[in-house]
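Next up is one chain by itself, shown in C-alpha cells, the form predicted on its own.
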C-alpha cells in the first residue's frame, strides 16, 4: 500500500519509497547529458534534507524521475536508476569547486553523492502545469507550495502516472 508523503515530513520519518525525483536545470546538466554519458555521480547537493535522502534512504535499483527545472516549460523529461551506494561528495573538498565546504572533512564528510544511470527519455515531457491539473498527481511533493528540494521522494503511483501521461500523449 502506498501513502502520500507530506511536505512537512522529515527524512527520519520517510522510509524509502524506491522512487525519486531529481531536479536539474537543463543548462547545467540535462537529460541529454545523462543519455550521452550513460551514468553520472549526482554530486553538489548542499541541502541537509536532500543529503539525508542520499545518505540514509536511497538504494541501488531505486527509480528516478529526471526533472528539468528553470526550463520552458519545467517538466519531467526522463527516467534514471540509482546504481550505486552513497559516497562522500568529493566536490566538498575541492577549493576550486562551487560546492566547496571548508567544514566538511574526508574522515567525517558532511555531503554525499550517488551514482545514477540513464534509463530513457520520456516520449513527451510531463509538464509542471499538466501535473497541477491532473488529479493523479495530488499530494506530490513537487506540487507543494514552497517545495524547492532538488531531490525528493515520489510515491509509486505518482511515478507510474508520469510514465502513463508521457506515453499516452499524441
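Residue numbers count along the first chain shown, from 1. These numbers were taken from a predicted model, which means no experiment stands behind them.
Another form exists, predicted in complex with the DNA; not displayed. Remarks below refer to it.
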Worksheet item: Which of these stretches, 27-35, 45-53, 112-120, 58-66, has heavy atoms within 4.5 Å of the DNA in the predicted complex?
Response: 45-53
Practice prompt. Give a yes or no on whether every one of 23, 74 and 149 sits within 4.5 angstroms of the DNA in the predicted complex by heavy atom.
Written response: yes
Worksheet item: Though the DNA is not shown, can you say which of 132, 39, 136, 105 has a heavy atom within 4.5 Å of it in the predicted complex?
Response: 132
Discussion item. I'd like to know if residue 141 sits close to the DNA in the predicted complex, meaning any non-hydrogen atom pair within 4.5 angstroms.
Written reply: no
